[in-house]
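Only one chain is shown below, in structure tokens, and it's the form predicted alone.
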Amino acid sequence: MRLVVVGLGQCGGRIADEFARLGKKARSNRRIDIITAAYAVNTDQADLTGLRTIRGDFHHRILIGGRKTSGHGVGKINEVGAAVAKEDSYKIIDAVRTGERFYETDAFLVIAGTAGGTGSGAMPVFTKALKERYPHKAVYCLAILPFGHEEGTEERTIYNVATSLKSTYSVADAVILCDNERFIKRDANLVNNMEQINKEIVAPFYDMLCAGEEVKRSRVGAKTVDAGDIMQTMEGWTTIGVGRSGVPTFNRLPFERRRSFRKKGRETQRGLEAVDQAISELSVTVNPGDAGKALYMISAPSKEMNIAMMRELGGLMREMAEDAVIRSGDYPRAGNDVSVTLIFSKLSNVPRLKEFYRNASSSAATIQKRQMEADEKLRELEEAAEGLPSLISSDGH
């Protein structure tokens, strides 16, 4: 599957930068193109400057809202971010449509942090613009949920998240939720932590995107997961995860039986371990039983995959998501691990999301109350100063 990736705001731009790096890795290691173009869009010029992999020209690093923000961001007010995106969406559309390989693209992936101002406000606006301009291409949104400490220190955070997600869900083909809190390393410094989190957010997409673009015959699966499988699976609220189980690197001993029942059982067990890890590493906590659609793909050296393993994994997926339409595939490749990528989509219940919606209602009321109190105090100040003369004459001199 080939994607055009667009990162909005600071968070979205950095993750888009990581996708650009992933695209380079696929070209270098597997001779595969999975990212046809990557763009970063922001109202803050400094954030655009800090990227590493996305091309440095103005077609790929796009500054919007210059007249309103002077290149310094929108101050976490997502209504301003939405207004700026609406005014300048043509800049992004022009950049995307003039890309050299745009028409080879299967879908768009729009990425943004939901707690800030630019990404939170721009994500639904730009998604809507893409859907209207290219109705036959899928538009997926990767929505990044904030850390727990961000929710506790700023009420505006919860309001931004809830309004952004509600608006984005109404226009996107699927919204992939990713909770920052699930990837945090408590003992790491801030910069390294953020970089590692971004890598972990992007990692589950790698094999899934590569599988359908393989050109080597030996690495084409018996049941390939291609763009069609992914697009038929992704709908509504979605989560993604990947789990890995190591493969022993030692050589078979001369006296070891080629088809030892112990070895075969261990192969199946590695697949199940990878599934368990993928469940624990899903991008947001959900109950797989709430999924209407699901997809799993096993990726491993061909000698490590067998019918028994696929049967066991299929049975496990059916137990977890009994009401879902399930698709599956395999991806034989070189390496020293068995990995399983999972997608649960068309989710009917996401506890984290429900929590944001509930809290946002009270947050909106609190924000409105504070604004009214501030306006009232300002009026009292103005009334207190009514009897004083003005030093500015009415003729402007």
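Note that the structure is predicted; figures quoted are calculated from it, not measured. Start at 1 and count along the sequence shown; that's the residue number.
The form predicted in complex with a small molecule exists for this protein as well; it is not shown, and the discussion that follows is about that form.
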Exercise. Which one of these stretches, 91-99, 308-316, 111-119, 131-139, sits within 4.5 Å of the small molecule in the predicted complex when only heavy atoms are counted?
Worked result: 111-119
Exercise. At the 4.5 Å heavy atom threshold, is R219 in contact with the small molecule in the predicted complex?
Worked result: no
Problem set entry | Any non-hydrogen atom of C11 within 4.5 angstroms of the small molecule in the predicted complex | yes
Exercise. Using heavy atoms and a 4.5 Å limit, would one call R156 a contact residue for the small molecule in the predicted complex?
Worked result: no
For this session: Tell me, yes or no, whether K76 is in contact with the small molecule in the predicted complex, where a contact means a heavy atom of each within 4.5 Å.
Result: yes
Problem set entry | Non-hydrogen atom within 4.5 angstroms of the small molecule in the predicted complex for each of F205, M208 and T238 | no
Exercise. Just one of M297, A294, I197, V84 has a heavy atom within 4.5 Å of the small molecule in the predicted complex. Which one?
Worked result: I197
Exercise. Which of A274, V175, V225, I144 has a heavy atom within 4.5 Å of the small molecule in the predicted complex?
Worked result: I144
